[in-house]
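The form predicted alone is given below as one chain in structure tokens.
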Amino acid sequence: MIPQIINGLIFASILFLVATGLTIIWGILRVVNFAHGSFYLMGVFIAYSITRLSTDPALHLAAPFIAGAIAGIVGIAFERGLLKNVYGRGELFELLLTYGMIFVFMDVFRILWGSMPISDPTITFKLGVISLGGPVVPLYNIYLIVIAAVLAALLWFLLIKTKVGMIIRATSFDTEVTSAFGVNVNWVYALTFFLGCFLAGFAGGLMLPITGAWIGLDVDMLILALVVLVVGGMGSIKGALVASLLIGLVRSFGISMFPAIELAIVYLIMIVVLIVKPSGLFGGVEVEG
């Protein structure tokens, strides 16, 4: 049972990071970024390129942070260069642009990294394993869960306890009033996109040693992140956390007990939640903790 719990927490941690990035972007910009999964895959590929430079464990542990920062910078370029041009023109324009970028990124990834799956589990061997009362678990898996939890706590602190977080939350509640108080809303949009894409890229970098990457992984991760978004409630980070834990653990036990229908169980959870509470478990209209 312990391996299933650990695997469930790993998947839940990654889902939370990706879904939270998607939640923040939706809460501020009111845009469902369909290219969000591409930033996750970008993080995996960039981290892979970094780890190819050396077998130094410090570099491998730093790779997700570097990959997340690069993904965030690309996210700003995407938002400032393209997405801002369709604000206010309707959801269809935003949907088509972000959906179309999936295929643009996919071709870029093929050009830069090829079409074959990639992986680099070096750091899992470097860190070794730990015994948890019987089952042996790679120490990197524990590190991943802990670092994701720390990042979640830092994100909560940023959004709830800092002036920047107050501005972000105020912008999500009423853009016009926030702008009237002298806040540069365009700056908030850019910062939000950076933060959301950083979380996705960072999550991808963390998963490199465990699952690696392949073309098409971005769409798979996007779908699961959208499920978390719907189950937890649009705009709720608390909902993203609860939904990620629920789906991560259910999927982990489903793989071991009902491998043929493990994805069906995830979608069944979403259907039940939508029937009982259409707005999601913690549905809200703005970014909240």
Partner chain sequence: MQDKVDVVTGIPGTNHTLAVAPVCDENNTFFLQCQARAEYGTWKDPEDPSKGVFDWVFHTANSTTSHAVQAAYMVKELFPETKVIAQIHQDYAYGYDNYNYFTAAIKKLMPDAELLDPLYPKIFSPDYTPYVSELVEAKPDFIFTSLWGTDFTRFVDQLIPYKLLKGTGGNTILEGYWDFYPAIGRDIPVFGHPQPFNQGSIEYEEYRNILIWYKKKYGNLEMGAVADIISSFYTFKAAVEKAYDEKGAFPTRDEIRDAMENLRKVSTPYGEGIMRKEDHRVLWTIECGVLAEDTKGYGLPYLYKPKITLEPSKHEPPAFMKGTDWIAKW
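Numbering follows the first chain given and starts at 1. Keep in mind it's a predicted model, so treat the numbers as computed, not measured.
The same protein has a further form, the form predicted together with its partner chain, not shown here; the description that follows concerns it.
Residues placing heavy atoms within 4.5 Å of its partner chain in the predicted bound form fall in a single listed stretch, namely 211-219, out of 191-199, 159-167, 96-104, 211-219.
Although the partner is absent from this view, W187 stays clear of its partner chain in the predicted bound form, with no non-hydrogen atom inside 4.5 angstroms. When contacts are judged by a 4.5 Å heavy atom cut-off, V136 counts as touching its partner chain in the predicted bound form. Of the heavy atoms in F125, some are within 4.5 Å of its partner chain in the predicted bound form. In the predicted bound form, none of the heavy atoms of G283 sits within 4.5 Å of a heavy atom of its partner chain. Between the options L226, L263, A69, V32, the residue in contact with its partner chain in the predicted bound form by a heavy atom within 4.5 angstroms is L263. Every residue in the set Q4, F11 and N141 has a non-hydrogen atom no more than 4.5 Å from its partner chain in the predicted bound form. With contact defined as any non-hydrogen atom lying within 4.5 angstroms of its partner chain in the predicted bound form, the contacting residues in 251-278 are R251, S252, I255, S256, P259, A260, E262, L263, given in sequence order.
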